[in-house]
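Starting off, we have a lone chain in the form predicted on its own, written out as structure tokens.
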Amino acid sequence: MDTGLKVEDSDRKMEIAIGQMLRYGVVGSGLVVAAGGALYLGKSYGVATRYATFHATAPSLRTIAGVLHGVGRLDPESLIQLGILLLIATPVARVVFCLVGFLVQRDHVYVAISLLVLAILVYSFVRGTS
């Protein structure tokens, strides 16, 4: 009759899965950034870089579609940008994963909290791009 042990076991499994997801997200984004960095170094080898003037990021790197288009062309800067986007997306995926986990557990309080956090994240992303 005591279901407390099952809930603790379910919580533990969810914590382990979230930990693995965060680990894979950080490692995956790091690998993508490293690949982009290696391509960038290979592309710019022997070219003198001048840092006297500031050059803003190319407009194509300011949108997800532009980044993905550049990744298709193996553009080093687009790969680096994709790695950064993956790193940003990792904690967002964690919130979504928690939301699904709490829905499965029927924990309505944490579902509401997760929805609130997700809404704040989505609002900040949408508001930040406008």
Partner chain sequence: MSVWIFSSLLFLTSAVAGLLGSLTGLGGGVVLVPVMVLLFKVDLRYAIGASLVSVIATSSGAAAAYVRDGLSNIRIGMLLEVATTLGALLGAYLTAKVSNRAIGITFGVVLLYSAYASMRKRRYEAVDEPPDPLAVKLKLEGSFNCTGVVESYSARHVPLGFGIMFGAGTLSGLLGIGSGAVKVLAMDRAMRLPFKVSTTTSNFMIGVTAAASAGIYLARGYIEPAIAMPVMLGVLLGSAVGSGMLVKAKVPTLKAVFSVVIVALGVEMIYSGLTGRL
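Just so we're on the same page, rigid core means the largest C-alpha set that superposes within 1.5 Å between forms. Positions refer to the first chain, counted from 1. Remember, it's a predicted structure, so these values are computed and weren't measured experimentally.
Keep in mind the form predicted in complex with the partner chain is missing from the figure; the text below concerns it.
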Notebook entry, point to check: With the partner left out of view, is residue 55 within 4.5 angstroms of the partner chain in the model of the complex by any non-hydrogen atom?
Noted result: yes
Checklist line | Contact of residue 88 with the partner chain in the model of the complex (heavy atom, 4.5 Å) | finding: yes
Note to self: If we define contact as a non-hydrogen atom of the residue within 4.5 angstroms of the partner, is residue 62 a contact of the partner chain in the model of the complex?
What the structure shows: yes
Notebook entry, point to check: So, in the model of the complex, is residue 71 in contact with the partner chain at a 4.5 angstroms heavy atom limit?
Noted result: no
Margin query: If you apply a 4.5 angstroms heavy atom cut-off, which residues in 79-112 are near the partner chain in the model of the complex?
Written below: 80, 81, 84, 85, 87, 88, 90, 91, 92, 94, 95, 98, 102, 105, 107, 109, 110
Checklist line | Core-aligned C-alpha movement of residue 47 between the shown form and the other one reaching 2 Å | finding: yes
Note to self: Tell me whether residue 56 is among the residues that move between the shown form and the other one (Cα shift of 2 angstroms or more, core superposed).
What the structure shows: yes
